[in-house]
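So this first bit is one chain, no partners, the form predicted alone, shown in structure tokens.
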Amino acid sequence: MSGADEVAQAMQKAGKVIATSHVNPDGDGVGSLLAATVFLQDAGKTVFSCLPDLRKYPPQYEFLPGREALLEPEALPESCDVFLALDCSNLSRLEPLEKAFRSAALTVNVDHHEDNTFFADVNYVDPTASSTAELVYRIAEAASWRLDGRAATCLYAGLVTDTGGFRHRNATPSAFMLAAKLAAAGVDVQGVAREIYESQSLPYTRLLGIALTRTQWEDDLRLVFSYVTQADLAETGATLAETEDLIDHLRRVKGAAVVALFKELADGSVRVSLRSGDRLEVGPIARLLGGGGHAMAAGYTTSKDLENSIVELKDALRDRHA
């Protein structure tokens, strides 16, 4: 497995870089991507930064520096010196960017998921890291790149969201040390928290109310769950991209071992987000059902409809307890 030094050397040699993160990006994916973009541009590289589907960019991260530079996949060049994948556990999370990945002279995978498949030429994967943002910071240090307020703000967004506001067990001493360094570099800590956690739209607020109203408890599994339908989105005017943090409201139910949020997609399939309410690991459950993620925060997508996807998860949890 590679380290920060090897990635830094690859980036220093590159002239043209394609950088991206996973489909349905979260704060760590977006923050890591935008920070890497700032670092590489400042280092004189030609950078093409994109996401698999820009329409799914979470609106709570619109304030981050560099957001306006993100491209659609169709705008990418046919080849590049380095293809940089950030916060992606496997190649399928990069669709529809596989062609660009295959045509790159060198592929680099920087990630902190424990189920990473080491799919690139250079794989810098550290599951003990708090976030991919932390790994991007290590690369910047190894490359002697200057840390300014723009990159620091993007890194802080990734760090604070993946640690759940420093509430999750990945809020390690190194995570707090990094937060201090980023704050010293010019991050408006209060401003970032306000944008991410205290600036939700009125349509999303109404959607949140609907989801909380239908919250259910499965006593034998200590499972708390709710769901969001396409009809809910149409009624409220909210978007699925806004619902990244909705599950955190369900986690507050006392006594829950597993927390789940089911999101109906436009094609009828269902995206399921899982969180651990205590020490039970949900990562293995997500992988069993075709997904992945962290031990305490994971997810998957199922072709079953909403009703049957709920049954599927309950059955998987009961089998695990058997």
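Start at 1 with the first residue shown and count on from there. Bear in mind the structure is a predicted one, so any value in this text is a computation, not a measurement.
Same protein, other form: the form predicted together with a small molecule, not shown, and the subject of what follows.
Visitor: Tell me, which of Ile18, Ala298, Ala10, Leu313 has a heavy atom within 4.5 angstroms of the small molecule in the model of the complex?
Guide: Looking at Ile18, Ala298, Ala10, Leu313 one by one, just Ala298 meets the 4.5 Å heavy-atom criterion.
Visitor: Consider the chain as shown here, without its partner, and state which of Gly277, Pro65, Gly292, Pro58 has a heavy atom within 4.5 Å of the small molecule in the model of the complex.
Guide: Looking at Gly277, Pro65, Gly292, Pro58 one by one, just Gly292 meets the 4.5 Å heavy-atom criterion.
Visitor: State yes or no: in the model of the complex, is some non-hydrogen atom of Lys45 no more than 4.5 angstroms from a non-hydrogen atom of the small molecule?
Guide: It does not: once the small molecule is placed as it appears in the model of the complex, Lys45 has no heavy atom within 4.5 Å of it.
Visitor: May I ask you to check whether Asn90 falls inside a 4.5 Å heavy atom distance of the small molecule in the model of the complex?
Guide: Yes - in the model of the complex, heavy atoms of Asn90 and the small molecule come within 4.5 Å of each other.
Visitor: Please run the contact check for Arg138 against the small molecule in the model of the complex: heavy atoms, 4.5 angstroms, yes or no?
Guide: Judged by the heavy-atom cut-off of 4.5 Å, Arg138 is well away from the small molecule in the model of the complex.
Visitor: Taking heavy atoms and a 4.5 Å cut-off, does His113 contact the small molecule in the model of the complex?
Guide: Flag for His113 set to yes.
Visitor: I need the one stretch from 165-173, 232-240, 138-146, 82-90 whose residues put non-hydrogen atoms within 4.5 angstroms of the small molecule in the model of the complex.
Guide: Among the listed stretches, the partner-contacting one is 82-90.
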